[in-house]
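One chain comes next, on its own, written out as structure tokens in the form predicted alone.
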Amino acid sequence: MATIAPLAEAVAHVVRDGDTVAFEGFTHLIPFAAGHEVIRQGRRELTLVRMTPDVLYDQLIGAGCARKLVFSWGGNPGVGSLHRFRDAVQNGWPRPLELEEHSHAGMANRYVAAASGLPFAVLRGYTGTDLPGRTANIASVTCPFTGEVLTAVAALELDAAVVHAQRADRHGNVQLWGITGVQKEAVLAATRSLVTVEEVVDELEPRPGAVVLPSWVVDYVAEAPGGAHPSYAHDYSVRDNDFYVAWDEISRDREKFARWLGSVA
């Protein structure tokens, strides 16, 4: 059953040095508040996982939290590059960053396999790319029924998953809606999980298309109003487009980034 706790306490229990951890969200519900708490707590040697790492991952990488990134696309959406990510890859600052790149379909299938308790997933993908030759977690497999050669990807097993949602009830059941990505699969794929929420309510009201994570699959819930900023939480906040534009200038310069980092820590 989920424990409802303050954010700092929840992060301390869920995210540990050396973990493989996903901070998932798609367009909205990106768990920035939890990520910033990870920075404050000085986590190190993390393998960061995300289908579409954006500004939060730029911040975590620049803060020296990460040793490896497993991903399928990275950028500042609508603006350009992730400059702390680029600096780590090109110049090893603040430390070298190992990369494991996949397609979106490959990452999604890896999450589903882990969430389902399977060792790998099978798909028609990666054909014509050089990723199978560069990535250990991609292999070919022959269908025993048709003889077709397909692509197998290893299950994406996580030590920790962190997501943001609109609300939870006082028993730790979580409800999220709007554009959803692989938050459900990430939580089910993880040994430990944390969900930050806009609010904790007495009872969850049914909503069309909502995803409900029952309390027995969630370890910690932390109330964090505005915890997705500068992304947004559908029906609770709007996207701070100005921040994404401003981040491009902040992240290009190490000294400016260091000043921003000081404001978080």
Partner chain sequence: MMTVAAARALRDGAVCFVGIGLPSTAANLARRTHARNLVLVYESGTIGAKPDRLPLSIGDGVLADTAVSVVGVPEIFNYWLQPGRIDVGFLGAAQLDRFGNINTTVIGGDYRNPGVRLPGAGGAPEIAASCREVVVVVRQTERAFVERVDFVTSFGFGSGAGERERLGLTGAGPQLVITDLGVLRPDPVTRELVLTELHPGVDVATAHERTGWDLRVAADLGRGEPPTDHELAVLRELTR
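Residue numbers count along the first chain shown, from 1. Computed from a predicted structure; not experimentally measured.
Just so it is clear, the following notes concern the form predicted in complex with its partner chain, a form of the same protein that is not shown.
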For the chain seen here without its partner, which of 139-147, 166-174, 190-198, 73-81 has a heavy atom within 4.5 Å of its partner chain in the model of the complex? 73-81
In the model of the complex, does each of Ala5, Ala33 and Leu60 have a heavy atom within 4.5 Å of its partner chain? no
Does Glu101 reach its partner chain in the model of the complex, with heavy atoms at most 4.5 Å apart? yes
Can you check whether Gly128 is within 4.5 Å of its partner chain in the model of the complex, heavy atom basis? yes
If we define contact as a non-hydrogen atom of the residue within 4.5 angstroms of the partner, is Val89 a contact of its partner chain in the model of the complex? yes
Spell out, yes or no, whether the shortest heavy atom distance between Val112 and its partner chain in the model of the complex is within 4.5 Å. yes
Considering only 149-184, what residues come within 4.5 Å of its partner chain in the model of the complex, judged by heavy atoms? Gly178, Ile179, Thr180, Gly181, Val182
